[in-house]
Structure formats: C-alpha cells, structure tokens
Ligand code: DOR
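Single chain ahead, by itself, as structure tokens, in the form predicted alone.
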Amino acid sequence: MTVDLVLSNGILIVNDRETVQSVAIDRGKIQGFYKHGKEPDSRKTLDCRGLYILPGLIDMHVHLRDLNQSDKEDYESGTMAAAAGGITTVVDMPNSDPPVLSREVLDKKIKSAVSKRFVNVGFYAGIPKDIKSFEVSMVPDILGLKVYPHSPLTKGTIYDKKRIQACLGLARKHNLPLLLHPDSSNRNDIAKNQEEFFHIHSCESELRSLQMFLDAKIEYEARLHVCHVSCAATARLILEHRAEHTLTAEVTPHHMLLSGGDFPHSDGRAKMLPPLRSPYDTKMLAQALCQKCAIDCVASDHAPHTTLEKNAPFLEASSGIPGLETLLPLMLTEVFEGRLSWIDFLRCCCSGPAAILGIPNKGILTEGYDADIILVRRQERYISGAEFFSKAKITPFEGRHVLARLITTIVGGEIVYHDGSFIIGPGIVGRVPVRKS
C-alpha cells in the first residue's frame, strides 16, 4: 500500500508522554501510526525529527470581519493568520457588518470564505429581535448562536428574563450551543474616563450577566457556552453550576497571562472587551483551566482593527486584539515551562472545542480522523506583530519571549504552510462551512 504522505519520526504525545512515531496520511485522513522503519510506502515524506506532531488547533472564537469590514481583516488574511498560527479550524462570530441574522448574509460570508480560505471555516449566527423570524434554513450551516446582551445585534433588543428564555429555547430546539458574551452593561453607557470604562465593564457586570442566563437555564436545559471568562468570580460561578454537556466556558490567553496593571492604557494596544483584570484573576483563571476544569477550552477572540483605531487614545480606541498567531506559542510555552500539562493543552486547544461544537473527526490524532495536523519546534523567539499575516499588527504580547515556533500546517492532508511560506493558494483546502455531527 502507498499512502499520500508520511510524517517521519516526529514527537507525538501519548498518555501525556512524548514518544517518537511516524504518522501516515492518505486521502485527507490519518491512515495510521508507525514505529521507525515500519512506515508504509509514500508519495511524499517529511522528516519530522525534533518536531512535535500535534492536532491542528480549533479556535472557536474568531472575528474574521470581511464584507464591509475588509479593511480590518478578510477571510484570506484571517485564515492565512490562522494557518501561520497552527490553527486549522476557525469559527467566525456573527457581529460583523452586516451581522449574520439572515440566510442571505450567511450565504455571502460562506461564498467569500470558500474562495479565500486557507483553513476550515465555521460560522455562528445571531438571533433576530423577533425570534419567530429566525431563519431555520441557517441551522445546518452554523455551529451555534451568539448573544451580546450589552450590545445587541438589533436595535431595541433588551435581554430581560423573557428574551433570555426565548434564546435558550431556540438553541435547545435546534440542538445548538448558545454562546454568551457576559456583560450586563448598556450600549448607552459612555465612559468619560478610563476609570468609568473599567467600572462599566467590571467583574460585577460580567458575573451579573452570567447569573441571569443561569437562572433562565434552570427552566431550559439548553447548552450554554460562556465566552472569554475574565474574572475569578465568574469561573467560580461556572464551577458551582458545572455540567459538561450543558454549561461550558472558554478563556483567552490574554486574560490568563496579562493583567491590566501591565499597561499604561495611553492607547488601545491592550484595550479589549472584557478588559484585562487583576493578577489575582489571571492566577485563578489558570487554575480554573488546569486544575479545576471549570473552563473547557482556550480561544483567541481574534478581533482585528486598523492601526489607526488601535493607536487612538484609550477611550477612542477600538476594543479587541489579534490572537490567531499568538495562541499556539503562548499556550505551548505554558506547557514547556511546566504550568500546563500536555493533556490539558490538547483538551483546551484541540479536542475541547470540537466536542463543544459537535465537530466530527477533528481535534484528535487518531486513525480515521481528518489530517489537520501541525508540526512545531521547541525554539526560543519573541513575538513580533510586524511578522503577522493578519492585517492587525498591534498586540499587547509584542516582544514576549515564547518557546515554540510553528513549522508546518497541514489541512485535510494538504501542506498549506511550511517554514514561513504558503505552499498553496487560497480556496483550495479546508471545509466551508464546517458542520456539526
């Protein structure tokens, strides 16, 4: 038997331990695992000595912009950033311009992504003001529903108990997770200074919003997913209501590794929603992910903006940072420095998001699964926004020392990116849309 590709003599993680094996790939799937010298004949072989062979990361919280916001990011630049960051599947949020509230807009995003993609691209939809007008035809092509209580996608929408229950009911009806941006502030709350900004988007606001949805969830056993948990108190509340199949949560690397006091906040470099918190919160979030398992996965919340928007004074600057090209090196540095186990890394960056979204055949290196694979070298380097493929170059992680460099990204058995260059063009590999099982 001759297979398409053999990844020879790489480092695999088996039962939380490093072991040297070869991986055979055929027809876009993982064909098998072999000891040195036992590999099948192949049309192509990559020497992976000294490289880690890992599942491609799945980033379930990404803003790829496109359409009317292509100056910030489009599907080509965004999925190039993903591939260069070791992420083989991204899921695009619906608060775009225009927002994904109809089949028409979803089709426009799918069409654009199909022609520009370098990785797999999935989608979420928002919920219209009149929930009865939700277009059911979108369901097969989305992986979840997203709500923004602090900044609804439709004007005049108020997230009171009745609205929250209706949203949970819709998610349950279509067997989709309801993703929550926990923030109980009001879009009309305009901060006059930095102190007011942090007060408006406080931990109390985050906690209050989550509690409202948990109270409503008692009557509707829908699946609720809490986005970008930023506070220790929020993680504790999630742990108290822990239910792996109906309550899940994510944390971003910036909320787990950075605190607000690290920055002068003179511009928008470290401005995001939710804001950076205290060192105590960062410490507790790391524990919630690694020790208590209150948090299921890590997501980048990649939210690109133009240089002009980020260099503006803090109150005028846009909220959000690029994250697709920093997620992998930051999290692997946590592994290499002993703060995160391999088991937790693979769970929170690969298999966990796949399980939450019901994505089949991804997130695990096992026979028969999609050959979405990355090769990584343990190597010291420093993060530089100027090197990003994303259009967004300003990062609060600028100059940060990390211990991992991505070498190769493989999507569906095809080598997409290798040693700093793209091997193929856009629109060739990956599935659009990614569909649930």
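Heads up: residue numbers just count along the shown sequence, starting at 1. Because the structure is predicted, anything quoted here is derived from the model rather than measured.
Missing here is the form predicted in complex with this ligand; even so, the following discussion is about that form.
Undergrad: Which single stretch, out of 59-67, 368-376, 33-41, 390-398, brings residue heavy atoms within 4.5 Å of this ligand in the model of the complex?
TA: Correct option: 59-67.
Undergrad: Indicate whether this ligand has at least one heavy atom within 4.5 Å of a heavy atom of Leu101 in the model of the complex.
TA: Answer no; every heavy atom of Leu101 is more than 4.5 Å from this ligand in the model of the complex.
Undergrad: According to a 4.5 angstroms non-hydrogen atom cut-off, is Leu273 in contact with this ligand in the model of the complex?
TA: So Leu273 counts as contacting this ligand.
Undergrad: Taking heavy atoms only, is Arg347 within 4.5 angstroms of this ligand in the model of the complex?
TA: No - in the model of the complex, heavy atoms of Arg347 and this ligand never come within 4.5 Å of each other.
Undergrad: Even though this ligand is not shown here, does Tyr148 get within 4.5 Å of it in the model of the complex, heavy atoms only?
TA: Yes - in the model of the complex, heavy atoms of Tyr148 and this ligand come within 4.5 Å of each other.
Undergrad: Which pick from Met331, Leu210, Met80, Ala303 sits with a heavy atom within 4.5 Å of this ligand in the model of the complex?
TA: For this set of options, the contacting one is Ala303.
Undergrad: Out of Thr157, Ser202, Ser319, Thr246, which one falls within 4.5 Å of this ligand in the model of the complex, going by heavy atoms?
TA: Contact check passes for Ser319.
Undergrad: For the stretch 77-100, return the residues whose heavy atoms include at least one within 4.5 Å of this ligand in the model of the complex, in the order they occur.
TA: Just Asn95.
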